[in-house]
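Below you'll find only one chain, the form predicted on its own, shown as structure tokens.
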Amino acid sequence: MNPDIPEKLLKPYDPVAEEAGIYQQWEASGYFTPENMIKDGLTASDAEAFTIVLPPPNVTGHLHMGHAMMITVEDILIRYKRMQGFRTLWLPGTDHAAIATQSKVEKEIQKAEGKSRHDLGREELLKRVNAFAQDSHDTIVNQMKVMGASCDWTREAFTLDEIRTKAVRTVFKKMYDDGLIYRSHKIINWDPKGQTTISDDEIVYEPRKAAMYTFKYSKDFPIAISTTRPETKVGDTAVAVHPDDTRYTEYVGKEYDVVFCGVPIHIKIITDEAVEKDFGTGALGVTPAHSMTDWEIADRHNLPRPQVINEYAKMMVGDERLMGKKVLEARETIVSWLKEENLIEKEEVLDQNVATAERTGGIIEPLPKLQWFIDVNKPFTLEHSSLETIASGSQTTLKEIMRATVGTGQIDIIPEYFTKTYFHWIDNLRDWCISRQIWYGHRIPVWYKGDEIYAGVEAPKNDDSGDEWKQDEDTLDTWFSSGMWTFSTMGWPEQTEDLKIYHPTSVIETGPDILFFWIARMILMTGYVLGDIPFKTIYLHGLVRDAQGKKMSKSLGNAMNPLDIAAKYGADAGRFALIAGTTPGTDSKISEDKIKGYKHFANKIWNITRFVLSNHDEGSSTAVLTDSDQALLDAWHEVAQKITTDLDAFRLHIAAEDMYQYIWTILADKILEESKLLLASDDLAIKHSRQKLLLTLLSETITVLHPFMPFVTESIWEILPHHDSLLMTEKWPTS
């Protein structure tokens, strides 16, 4: 046994004892900041930039295993590119996540104090939310560090901080001046529970059983209609049929006055191609104020739009039977009335997807309200453009920017099959409602004084007239500010060096569930503001599920906390378990048994190190490799080259598997076993050759393994002979 073997190698690998200290060394080095790498000559000053901006976790609590997957993938890419000599920046940050954060705090206040936000007032509520957000932020940053995230913490950003606020207001004003942002009374998705609008993408559709009723408005009304929401029929203004449906030709153009459950309604028979001939009776009762589709039909036919349901999902019309009743109660009342009047022709139960609010679970009510929107179809002039198919000074639309950047391949989506999903979403994209009726978030930078409206970066000054400018009470959709994430984190609207060097970013890595929420909106915003793409590659990981394939959640008791995993098995084991066997875009299973297996893998590398160093001789450093040892080194270099190729192609799971198989099967089971005889040889040339080979293989394999398992590899690197630098700054092996 070599007497110089470090004492810690004589025991099994202890990740808890090693990992915290290793991370402190990385942070103290300052090498997460690329300029420090350049200053110390570890990266060339003119090196190509490789940039990732962290998808900012919501400040609503702590990170889950899906976040751990994201951090692992991004850290692998960053460490790999850093070792290849790129000017590497991984910029971290957190998202204020307006609705999610405020609703969580409101629930806690209601539970503990029995008070609503209106009881507290805007200022006190925001104080409470900010305190909660700060605590969550601290937890999240700690979790990321435990996971080994090599972020440049000197550049950390927050979607609601001062720099991002300036960026948000600057973009809002520019869009407002270009006529792309407008205020209008239109139908929107209203969450009665959260008392705010939400976007189409924030709706969760829940499968439920629903009764569909086929009936006539009155005994002498000529056409029967079908609906699952009879309570909305008191707001009908037309019955629409398909133009080719000959069953109703004789009624088209006629108008009828009906008293429906005590409510007078006026119905016009119209034709519209949006009607499905084969659904129900082929006739659609048009309720313009409470259906997106019906609102559009009303636009085409100039129909009135009476609102009959309010923001609290209660009826606004009728006598004592309906007025003030909740919609479900009103539905029962109207169904009873229809039965009493013998107007129901058919009643059936069917499966229906009910729209609910993602954050509160409230059932969505489509309602007409005065809101702020972004026009995605309005042409504007793109002053400066680096986009391949849209020239500087040409006319385009926001929707076309989103389509062109991916359609030309200027932005790649991995896996590629999500491209079709992306285009389907764009093709069906409506104007984006960006105003929210909550207090936490970027307040809309618009001020009112009488009939005057002012939009600006700064608040207008009051004059001596006595009338004061009052700011809009609403806040902006979280995705409005998040859409600027790649360039606002670089200091825009200032023309910073970071913006010149690190933007467009190289990769955005996230889950496919926010391809539309966030990814598409970043493409929209960056194309509009900079005339450029926000990133070159979109890498989508799948959902992390439990061992049985179930979605992880607190309610099911199967959720895993990355901190608990690190404390029990080590962060390296958790990281490798998340990557191994996980293809991009595909859901993966993880279990403690799988993680435990990679803890054993970390210990195997530790044991290999002990064997190599125990049998190492200083005299072997100048040895010439025998032909057989050179062949083994060449074979390893082929494996390393394949791993490099796979990492370049974002096949991280294949690279991880090859790394695992080589270390466990080839290096440990074959080469080390064979070495026991050769190291006992009296022929010093053979012995020293094998010693040199083993140290070379150990050094190079842990170098290639470092992006995947950074802690154990760094811990080993610091005890290897001839190494006095950090492994994280070592050059990637090249054949």
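Residue positions are given as counts along the sequence shown, with the first one as 1. Please read these numbers as outputs of a predicted model, since none were measured by experiment.
Here the subject shifts to the form predicted in complex with the RNA, a form of this protein not shown in this document.
Within this chain, residue 73 is remote from the site of the RNA in the model of the complex, having no heavy atom within 4.5 Å. Although the partner is absent from this view, residue 683 stays clear of the RNA in the model of the complex, with no non-hydrogen atom inside 4.5 angstroms. Within this chain, residue 62 is remote from the site of the RNA in the model of the complex, having no heavy atom within 4.5 Å. The shortest heavy atom separation between residue 130 and the RNA in the model of the complex exceeds 4.5 Å. You can rule out all but one of 520-528, 357-365, 152-160, 575-583: in the model of the complex, only 575-583 has residues with a heavy atom within 4.5 Å of the RNA. Of the candidates 400, 646, 498, 375, 646 is the one whose heavy atoms come within 4.5 Å of the RNA in the model of the complex; the others do not. The listed set 616, 610, 174, 325 contains one residue whose heavy atoms approach the RNA in the model of the complex to within 4.5 Å, identified as 610. Looking at 246-284, the residues that come within 4.5 Å of the RNA in the model of the complex, counting any heavy atom, are 274, 275, 276, 279, 283, 284.
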